[in-house]
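Encoded as C-alpha cells, the following chain is the form predicted alone, with no partner shown.
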C-alpha cells in the first residue's frame, strides 16, 4: 500500500523528530518538515501532503493563521493542531480556520495515528481504519481482561476474517455495539477452556464442581467486561464517538453457526495455558 504523505510544521526540532518517530512502521511518512509558516506554505504547495500537523506557535505567525493560508491553497487540506494548550477559544478559532482535529502536547502516539487514520480514510481505506483505530482497541482489552480476570498474560493476534459464518463449539457470548461504528462482538472458546477459565475466575481449585450455568455465567460476565473495556478504549480516543454495548446473549453447544452478513470482521486469537480464547469483532458496512 502506498504511503500517506504527512507534513510536520513545528519550530522545535525535538517535536518534529518525535512526530516522525511516532509514524515509523505505520502507513504514514513525513514528506516535509517546516520550521516557519512561510516554509509551511511553500512546502505544502510543493508536496501536497494528505495531512498536516501544525504547531500553534511559529516564529513568523501562529498556527491558526498558517492553517488559514494553507486552506487558501487547498480548501480540502486536513490539518491537525498540536499545541500545549487546548482551550475552548483556541478550538473555536481553529475550527473557523478549517482545522480538522486538535491534540495536546505531549501527544499520545496512538491518538495521533488514530486521528490521522480517520482524517485520511479515503487514502488508507476503511478496513485499515477499522483495524488500526477500532479492532486494535479490543486486542488491548482482551489482553487486559485476561490479565485482570484470570492472571493470564500473552500476545493476541489480529487478522481480517472474511468468512460469512463463525462456527463455534463450546460457548459464544454475543454483545452488540451501538453508536459509531455499529457492530457486534463475540467472545468464544471451547467447553474445556470455558470450564478452566471459570474455575480460575471463581477461585476454585478445579472445574469439577462447577455447574454448566456457573461456567457459562462466568464467561458471560468476563466477556461483558472485556468488550466494555474495548469500547471505553475507543471512547477515550474519539471523544465524539460514543460507542455503547448491549446486554450479552450466550449460546452453548456444538456446531454453532453465527452469521456475519454485511460486516467487516476481525478475529482476535489468544493462545493461553488454558486453551485458545477468541474474539470476533464485526463492524457494519457503510457506517
Partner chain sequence: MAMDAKLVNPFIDAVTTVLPQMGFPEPKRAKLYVREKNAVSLGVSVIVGFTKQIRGNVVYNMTEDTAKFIASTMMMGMPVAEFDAMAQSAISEMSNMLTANAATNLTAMGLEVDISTPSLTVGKNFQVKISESQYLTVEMDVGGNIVELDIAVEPQ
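Just so we're clear, the structure is a prediction, and the values are computed from it rather than from any experiment. Residue numbers count along the first chain shown, from 1.
Omitted here: the form predicted together with the partner chain. The next part is about that form.
- The stretch that touches the partner chain in the predicted complex, counting heavy atoms within 4.5 Å, is 213 to 221, out of 200 to 208, 78 to 86, 113 to 121, 213 to 221.
- Relative to the partner chain in the predicted complex, residues 154, 226 and 232 are all farther than 4.5 Å at every heavy atom.
- Though the partner is left out of this view, residue 164 does reach within 4.5 Å of the partner chain in the predicted complex, counting heavy atoms only.
- In the predicted complex, at least one heavy atom of residue 183 sits within 4.5 Å of a heavy atom of the partner chain.
- Interface membership of residue 174, defined by any non-hydrogen atom within 4.5 Å of the partner chain in the predicted complex, is confirmed.
- Contact check for residue 104: every heavy atom lies farther than 4.5 Å from the partner chain in the predicted complex.
- Note on the partner interface in the predicted complex: the residue among 246, 27, 57, 36 having a heavy atom within 4.5 angstroms of the partner chain is 246.
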